[in-house]
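Next up is one chain by itself, shown in structure tokens, the form predicted on its own.
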Amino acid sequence: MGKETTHKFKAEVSQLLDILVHSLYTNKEIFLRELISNASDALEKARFKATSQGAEDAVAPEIRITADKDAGTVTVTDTGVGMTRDELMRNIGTIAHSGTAEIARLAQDGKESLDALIGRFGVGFYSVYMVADEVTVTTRSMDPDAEPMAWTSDGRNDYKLEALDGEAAKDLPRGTRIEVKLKKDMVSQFANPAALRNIVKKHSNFINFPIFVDGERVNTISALWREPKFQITGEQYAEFYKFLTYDSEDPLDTLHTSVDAPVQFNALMFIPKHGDDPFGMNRENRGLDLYVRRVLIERQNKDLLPEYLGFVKGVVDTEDLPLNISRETLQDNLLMRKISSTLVKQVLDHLAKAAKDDEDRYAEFWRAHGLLFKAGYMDFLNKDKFATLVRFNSSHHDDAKGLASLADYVSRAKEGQKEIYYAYGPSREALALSPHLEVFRRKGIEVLYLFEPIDEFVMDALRDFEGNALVSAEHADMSKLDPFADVEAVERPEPLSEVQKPLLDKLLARFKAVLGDAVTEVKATDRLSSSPVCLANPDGNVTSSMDKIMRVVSKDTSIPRKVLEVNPDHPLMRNLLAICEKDENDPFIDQAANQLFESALLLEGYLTDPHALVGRVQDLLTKSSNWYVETRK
């Protein structure tokens, strides 16, 4: 054996090791990731050195991990470039980044976890002392003139260096072997091949070199995102997607991209065929896996894509982030924000191309993920792209399966029409009964149907599309609809006579007196065709559906005060005018006013107690049935 010498750690290393050993660290398994990453770097250097010398490396690149439960050890061996005596002292005996005082201050303050300290100061190797009583590094450099070395330390104050000779040097292959003597309470956890395999699969599964645990290769899936797209088959993409997500079906779509500027990264993303409950139990099951040079940094990172693109699954791998970056630093990292903005742009552009190239396939995507995607109304930086991608059912379609873009609506709009009209309802059947849509059906003007509460927020955020204002049907300006000719024949009675006009004012006044503070106003309208009355918000800004949402949020169960709009051409109103002409205080007018008002509330979804309405209907049916019997004689 060669001469053994003892060296004191540099002061900053000693302090750091003390912090590592005595601080609570919640993810101790990270030590293996760090050792594997160092081994991978050593193998890359060996390959580069051999290539630069114009020779083929005769040593197979590999990383081997073994566990000995009886001895309480874990050993990591690589066939990489190895280290000389000077490199060993420089790489392990000191820290490349200064900041001892700052490390100690942060640890004492308790404001950051130890993983943040390691991430900030780049001291991954030393994380091994979280689990080790002693570490021995044995290495032979690729440099043929360098003597093989052994480095040993208990991670406290000093380390021993020994130059190997004789049999110990003769049988030592090129590369580095790190033997970790585990703490007693760590043996059962880490001197376990099954546990080691799981750690490798979790953190280092895509390292570019073979990793063996007790002779069995663990990383059998290649880092597909690093491969040229033209060399990858659809079957390979599908296999990788299933490995990543545990989905039994192939993905609906695949997006494989490589970016050089403003940040260098590779990404492989998938759109599943089916969506999860986006606002329920699975809300947190989203995010892309973030890698740095094939090493997992964070699974399901929530900052790379906004929540409305949370249906996208996949991985992002960058060269530009430090390997040991912490979660806290990730959130504030400028490079991360650049990666995120680039990814969002690419996903939206990809969806736009899909929508243009294959409407049926895009419709399949929309039915699976449209509800979550609509949450993108809050992404004001990408408002225009979002507006082109959002879809709605409309009166143009024959059933609820049809989808229309805002551009589709504009292309079908009538000449001179500068508004895009929409209406909210729980179903097409409910919207078919809406009095507010009668004028649109009469004039053949398309109306977008909103079925989800979030649709209201989408419309409120967009406001317009390519110069066309988005307008709720119940707030439509009749003066803008009047120029359009009717396409449906509507039977209308003779216009009100000079005698009937003042009677209408009396009838409306009577309605207001009967209903009192339940309504803000009772007025005539020309928007209705087949309905006698409808309700409208007095301010003309908030729609009925948005008003309901706001009331649910504020837990307001009261019935809102609205404007009762009356159709003077409806047969019922003409009959009431005739009754009013004989006796404006006839009790039937009071009964009709209450019935019409509560029927309108029922259609709007505000009537919580139908008892009075039901009793009134039964009374009216009883009286009318007597008349009907007499007429049938």
Ligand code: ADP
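Between two forms, the rigid core is defined as the largest C-alpha subset superposing within 1.5 Å. When you see a residue number, it is the position in the sequence shown, counting from 1. Values in this document were obtained by computation on a predicted structure and should not be read as measured data.
Omitted here: the form predicted in complex with ligand ADP. The next part is about that form.
**Q** Is the gap between Gln595 and ligand ADP in the predicted bound form 4.5 Å or less for some heavy atom pair?
**A** It does not: once ligand ADP is placed as it appears in the predicted bound form, Gln595 has no heavy atom within 4.5 Å of it.
**Q** Would you classify Ala42 as touching ligand ADP in the predicted bound form, given a 4.5 Å non-hydrogen atom cut-off?
**A** Judged by the heavy-atom cut-off of 4.5 Å, Ala42 is in contact with ligand ADP in the predicted bound form.
**Q** Is Ser153 close enough to ligand ADP in the predicted bound form to count, meaning some heavy atom within 4.5 Å?
**A** Outside the cut-off, so no.
**Q** Does the 4.5 Å heavy atom contact test between Pro148 and ligand ADP in the predicted bound form come out positive?
**A** Looking in the predicted bound form, residue contacts with ligand ADP do not include Pro148, since no heavy atom lies within 4.5 Å.
**Q** Ligand ADP in the predicted bound form: within 4.5 Å of a heavy atom of each of Gly82, Phe125 and Thr176?
**A** Yes, the whole candidate spot contacts ligand ADP.
**Q** Determine which one of 404 to 412, 251 to 259, 264 to 272, 83 to 91 lies within 4.5 Å of ligand ADP in the predicted bound form, judging by heavy atom distances; exactly one does.
**A** Every other range fails; the passing one is 83 to 91.
**Q** Just give me the single entry in Asn38, Ser599, Thr66, Gln591 that has a non-hydrogen atom within 4.5 angstroms of ligand ADP in the predicted bound form.
**A** The residue from Asn38, Ser599, Thr66, Gln591 that makes the contact is Asn38.
**Q** Taking the rigid core as the superposition reference, indicate whether the CA of Tyr129 shifts 2 angstroms or more between the shown form and the other one.
**A** Tyr129: C-alpha displaced by 2 Å or more between the shown form and the other one.
**Q** Given a superposition on the rigid core, I'd like a yes or no on whether Asp569 shifts its C-alpha by 2 Å or more between the shown form and the other one.
**A** The answer is no; the displacement is under 2 Å.
**Q** With both forms fit on the core, is the shift of the CA atom of Glu34 between the shown form and the other one 2 Å or larger?
**A** For Glu34, whose C-alpha is compared between the shown form and the other one after core superposition, the shift is 2 Å or more.
**Q** Report the direction of the Cα distance change between Arg33 and Thr245 in the predicted bound form, compared with the displayed form, as closer or farther; the change is 3 Å or more.
**A** They are closer; the C-alpha distance drops by 3 Å or more in the predicted bound form.
**Q** Tell me whether Gln300 and Glu44 end up closer or farther apart in the predicted bound form, going by their C-alpha atoms; the shift is 3 Å or more.
**A** Pair moves closer in the predicted bound form.
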